[in-house]
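One chain comes next, on its own, written out as structure tokens in the form predicted alone.
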Amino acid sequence: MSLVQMSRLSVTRLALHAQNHHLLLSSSVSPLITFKRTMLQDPYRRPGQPKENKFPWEKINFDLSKGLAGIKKHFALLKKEFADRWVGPEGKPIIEHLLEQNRVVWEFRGPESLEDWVVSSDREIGGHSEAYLKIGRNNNTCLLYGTLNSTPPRDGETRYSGYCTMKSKQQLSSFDRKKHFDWTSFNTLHLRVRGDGRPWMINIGFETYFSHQKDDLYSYFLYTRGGPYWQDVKIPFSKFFLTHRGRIQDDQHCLWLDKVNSIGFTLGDKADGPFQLEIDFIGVCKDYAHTEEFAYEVYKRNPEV
């Protein structure tokens, strides 16, 4: 082998060695630039379904008659808002607002009261549970019933299943602005229910400022006795703990009672079979005997020395 061939062979080996070294470094070192999509939490998508790549304006149904009806509706709501402001907070006189100790927020008096609620189950992700909502026999209560099934769907990805949920819709004011419940004058949630002995989870949704907090909820347990008798349940707001997608958070803080958006009931006790929960009303009250601010340990951001 000549000297020229030996030099060419050595140069080729050095080039291959440098290329392999570069590949090892690139595979071990993570990129410094991260795409924005990976930094945010995507909404849940059922396994096996393709992602919907549409612009927001492509989902709007442009209809002239529907638009005119919407404008008329929103201007009527705006007129009512201005009239209520002259009377007092939430359309009540200021003296009545200050002395109020009990308030019924949701009550079920006819089929039209069910329009403010949404019922869902794990059937949306391929599960086998069923949940339904209807008005009671005397048109004064609502009945949430169905069948719980914890068998996971056969999609190769979902490992756990078995839940049913009833959640109130987001209240909207004129021009689809979010309308919050202001419960700062109260400290206790008041329910009148009749269940079948199953434990439920009560979830309170509140307004958040950041996109990664959109799945935050305040939760607490509702234990039903079962049987034909009604039970009045009073749960202080200080007992509700912060959760994110069903996981209890370490950094706990009190519920913002002036930014409440919704309330929901979730069943997921892994006991397969039929269930039912009858609700008379959902309200809030002021319990002067309860003075606790928050029942759980919170982090001191500036601890005393």
Partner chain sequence: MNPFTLALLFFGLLLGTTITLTSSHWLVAWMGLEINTLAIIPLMAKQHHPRATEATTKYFLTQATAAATLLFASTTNAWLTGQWDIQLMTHPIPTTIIILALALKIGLAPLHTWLPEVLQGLDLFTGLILSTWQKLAPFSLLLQIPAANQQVLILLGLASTLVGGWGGLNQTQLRKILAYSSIAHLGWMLIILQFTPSLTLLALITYVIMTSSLFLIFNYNTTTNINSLATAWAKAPLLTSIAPLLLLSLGGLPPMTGFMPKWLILQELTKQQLPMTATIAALTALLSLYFYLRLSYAMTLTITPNNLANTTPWRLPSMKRALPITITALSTTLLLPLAPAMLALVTL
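Residue numbers count along the first chain shown, from 1. In this text the structure is predicted, and so the values were computed from the model without any measurement.
If you look for the form predicted together with the partner chain, you will not find it shown, but the lines that follow are about it.
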Discussion item. Check for me: heavy atom within 4.5 Å of the partner chain in the predicted complex, for each of F82, Y209 and Y218, yes or no.
Written reply: yes
Worksheet item: For the chain seen here without its partner, which of 94-102, 117-125, 230-238, 193-201 has a heavy atom within 4.5 Å of the partner chain in the predicted complex?
Response: 94-102
Worksheet item: Are any of the heavy atoms in G88 no more than 4.5 Å from a heavy atom of the partner chain in the predicted complex?
Response: yes
Worksheet entry | Touches the partner chain in the predicted complex: Q213 (any heavy atom, 4.5 Å) | yes
Practice prompt. Look up in the predicted complex whether C254 has a non-hydrogen atom within 4.5 angstroms of the partner chain, and give yes or no.
Written response: yes
Worksheet item: S185 near the partner chain in the predicted complex, any heavy atom under 4.5 Å?
Response: yes
